[in-house]
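Here's a solo chain for you in structure tokens, the form predicted on its own.
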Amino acid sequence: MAGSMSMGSDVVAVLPEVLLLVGALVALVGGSFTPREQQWRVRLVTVAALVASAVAAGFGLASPAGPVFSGTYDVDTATGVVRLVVASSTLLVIGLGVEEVAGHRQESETYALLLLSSTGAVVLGGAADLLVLVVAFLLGSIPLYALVGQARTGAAAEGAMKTYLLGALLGIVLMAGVTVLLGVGGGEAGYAGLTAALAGAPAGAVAAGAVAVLVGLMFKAGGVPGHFWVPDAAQGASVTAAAFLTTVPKVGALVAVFRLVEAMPAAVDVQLVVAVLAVASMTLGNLAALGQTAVRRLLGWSTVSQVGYLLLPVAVVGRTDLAEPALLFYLAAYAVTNLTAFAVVAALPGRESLEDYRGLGRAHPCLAGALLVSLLGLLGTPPTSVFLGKLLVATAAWDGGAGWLAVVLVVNTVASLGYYLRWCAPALTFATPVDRSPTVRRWAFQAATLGGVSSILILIVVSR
């Protein structure tokens, strides 16, 4: 009886995840019986599931349940933030993609895939067990492959193939790392006992296993060395899928990296590996973005660089109390800011290059304002929320004894000026607008406006 009561309370504790999964199943099955012209009903189901999950996450954040399911899953503040950010981000993705997805022959499947991948991202962020980590990785990755390839174009096929091949390869690497850690740790999979189990294990084997798992998670985060798929997928997929894949998966993945590094024994300096990956991601992402003229490919490389910034607090896990709050705030700020940029792109179909945005401020001042907020936000300037996020992660790195990482962040931020301003400059000129999109998509326009305002409001609310 006590066991059944405990199981019942555990299920209640993970209600946000259950709601996402149930919503995905209803969308998948219900869409099969819904006429194509009435697929909007599936969209309503999807939105309802996301809203319900966010509300449940809000209540759960007020009183975290702690470890559940025999300690294999953590329902704590970090999991609560991941739940809220994932649900809110997916809602914004659906908003910016209404016109693009509506009427598509795979509309209901799109919503089901978004919910399934969102569920995987949330479970990845809350996983406190190596085996749960593997399941969450697969649950979040497999729907992603289908989302990228749905556009049915040559570019989408290339992006889907690269995403699948790299995901399969690094998924195997991750599982190999888990196998090594289980082997040298005496079969202990839970993070709570993993630190002690690995304390007496050979340091080289522990390091090899941990690095393999980290490399696998970098595929989900979109950071070096698992970043190769991101630019191609961002450019080839639909705008809806591109916005989702550059935002939602990394929310769960980076919190998963944080938890894994925290569970490693002190004798193995995994933080140094994370620091190297952070520098490589931010530097390579920025250097590659400097030469881009296609807006979605530019945003793809931008997201690679952002992973580098987000890894800074992970590199000082256990050395400062600022690490976790800095990571969680930056994730929330980045999500809304990045999605705002994609919402502007979605609102103006047909504008694929930087030059296509010339005169945007004259033709569509509200969209130009949202674009300016998002790009300056990704750059990290006030009054946007990412400015505070960068300040927090730099402070955490400095406080954790890795001041050199803060210096690298500043240098890379200055370097990123080159490509963000190359987009802002033509968009804000009063030259004759380039007429690439005679109509503006209304839902995407509203999503861009909401995202731009939210990016600033988050900073104001937190500052108070």
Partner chain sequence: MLSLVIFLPLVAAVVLAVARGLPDAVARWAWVGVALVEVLLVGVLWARYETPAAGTLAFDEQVEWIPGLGASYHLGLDGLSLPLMALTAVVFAACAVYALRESTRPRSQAALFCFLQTTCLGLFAAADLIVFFLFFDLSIVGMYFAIAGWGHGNAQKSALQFFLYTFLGSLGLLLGFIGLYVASGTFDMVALAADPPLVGTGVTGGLVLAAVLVGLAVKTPTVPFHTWLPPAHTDAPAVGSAVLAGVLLKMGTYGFVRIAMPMLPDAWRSFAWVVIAVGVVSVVWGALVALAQTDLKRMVAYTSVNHMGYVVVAVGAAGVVGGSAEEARALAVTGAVTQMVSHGLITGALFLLAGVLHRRTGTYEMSRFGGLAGRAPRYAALFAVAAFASLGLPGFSGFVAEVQVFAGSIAAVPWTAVALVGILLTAALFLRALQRLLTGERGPASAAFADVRGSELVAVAPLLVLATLIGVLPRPLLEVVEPASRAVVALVAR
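Numbering follows the first chain given and starts at 1. The structure presented is a predicted model; accordingly, all values stated were derived computationally and were not measured.
The same protein has a further form, the form predicted in complex with the partner chain, not shown here; the description that follows concerns it.
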query	finding
Output flag, L138, Y164 and A168 jointly within 4.5 Å of the partner chain in the predicted complex, heavy atom basis	no
Answer option from L391, A288, V211, L182, heavy atom within 4.5 Å of the partner chain in the predicted complex	L391
The partner chain: the contacting residue among G359, P383, G369, P225 in the predicted complex [heavy atom, 4.5 Å]	P383
Location of the partner chain contact in the predicted complex, chosen stretch of 276-284, 338-346, 372-380, 118-126 [non-hydrogen atom, 4.5 Å]	372-380
Residue contact check: V29 to the partner chain in the predicted complex, 4.5 Å heavy atom	no
Heavy atom of P202 within 4.5 Å of the partner chain in the predicted complex	no
Proximity of G193 to the partner chain in the predicted complex, heavy atoms at 4.5 Å	no
4.5 Å heavy atom contact, A176 to the partner chain in the predicted complex	no
Partner contacts in the predicted complex for 399-414 (non-hydrogen atom within 4.5 angstroms of the partner chain)	D399, A406, V407, V410, T413, V414
